[in-house]
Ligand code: NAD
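Quick heads-up: it's one chain on its own, the form predicted alone, in structure tokens.
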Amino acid sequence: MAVFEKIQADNYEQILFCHDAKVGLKAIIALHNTALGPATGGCRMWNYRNEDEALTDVLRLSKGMTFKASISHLPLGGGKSIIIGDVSQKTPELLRRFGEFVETLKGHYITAKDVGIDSSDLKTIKSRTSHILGIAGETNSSGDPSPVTAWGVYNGMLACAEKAFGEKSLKGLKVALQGLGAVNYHLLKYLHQEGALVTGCDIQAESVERARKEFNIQVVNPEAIYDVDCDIFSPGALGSVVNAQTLGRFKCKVIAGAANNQLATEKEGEELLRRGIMYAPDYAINAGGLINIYHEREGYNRDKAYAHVAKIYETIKNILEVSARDKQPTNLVANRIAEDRVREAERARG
């Protein structure tokens, strides 16, 4: 598909291609929609197989940020940026040059942390732009987003448990955690405190050992996680894990987790509904990180931010109730809610 066809297909506002051969920078900044506020979303550095794959990823991610901000009732739009290349190629010069490109957008795009970019990288980028959030260790910083993202996922799980099992509690429920990295490590703390029975997996041996040692979880190999008999399956690593190949393997009543883009296509949501599996739309349940950094703009207060993130419980509960009432897949219900709010903002702007 040609570039403009991709942009027009989902009504993207602006795509900026950033190139500086001297420092080795190839980057793309995508602004999907700014009707609700400035486009906000992290910068990802990844060694994409080709430029088409990179463009597809940044477009998909920026649209997801529009929906994430909208469903969470934040005055923010959807944006994302990617730097093409292996993280071993990162240099201060490359990061500073990227910051200069962000600055040219004059606040229409606000960047933050994503895969391949850490807080020290954000500090380097900030030397060239003020339009950046989520730098750990700085004054008014919301810090590492992993703990608060986990807090949001936990509250979303409680809404699912209440709807599926009749009680706002995870005690005694069997949870299969796909991935034991930063977010799910913190999620494990909440699950352990509640008395959930956890089975997990990860490709990193050190993450597996830490989870086993601290929380005494059961461990399976990554491919076997789909076959675990559980109440809640929680994707916390890869995208597109709910697909034609995995649908028949799930032995759960709920899918709720931190990973982005969990459904391979929207059709998987319809199939989950048909099979009686409750799905918490990913961009709604994992919005804690975005809600958290939003509070930096008001003067960061941790208690206030965490209280706001806890409202993900209400967001998921509402989606589940509308889905049950209208007999519609939860992913389509969430999309409709998010799109309606964006359209309302567009109409207000004329």
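All of these numbers come straight from a predicted model, not from anything done at the bench. For clarity, a rigid core is taken as the largest C-alpha set superposing within 1.5 Å between two forms. Start at 1 with the first residue shown and count on from there.
The next section is about a form of this same protein that is not shown, the form predicted in complex with the named molecule.
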Name the single residue among Gly134, Gly236, Gly99, Gly77 that comes within 4.5 Å of the named molecule in the predicted complex, judging by heavy atoms. Gly236
Within 4.5 Å, heavy atoms only, which of Pro222, Pro92, Gly195, Gly107 is in contact with the named molecule in the predicted complex? Pro222
4.5 Å heavy atom contact, Ser72 to the named molecule in the predicted complex: no
Look up in the predicted complex whether Glu268 has a non-hydrogen atom within 4.5 angstroms of the named molecule, and give yes or no. no
Distance check, Ala182 to the named molecule in the predicted complex, heavy atom within 4.5 Å: yes
Consider Val87 of the chain shown here, and say whether it contacts the named molecule in the predicted complex, taking contact as heavy atoms within 4.5 Å. no
Within 4.5 Å of the named molecule in the predicted complex, all of Thr149, Asp202 and Ala259 (non-hydrogen atom): yes
Which of 156 to 164, 173 to 181, 269 to 277, 248 to 256 sits within 4.5 Å of the named molecule in the predicted complex, heavy atom basis: 173 to 181
Heavy atom within 4.5 Å of the named molecule in the predicted complex - qualifying residues of 286 to 300: Asn286
Core superposition between this form and the one not shown, C-alpha change of His295 at least 2 Å: no
Please determine whether the C-alpha atom of His308 is displaced by 2 Å or more between this form and the one not shown following superposition on the rigid core. no
Cα of Arg44 displaced 2 Å or more between this form and the one not shown, core superposed? yes
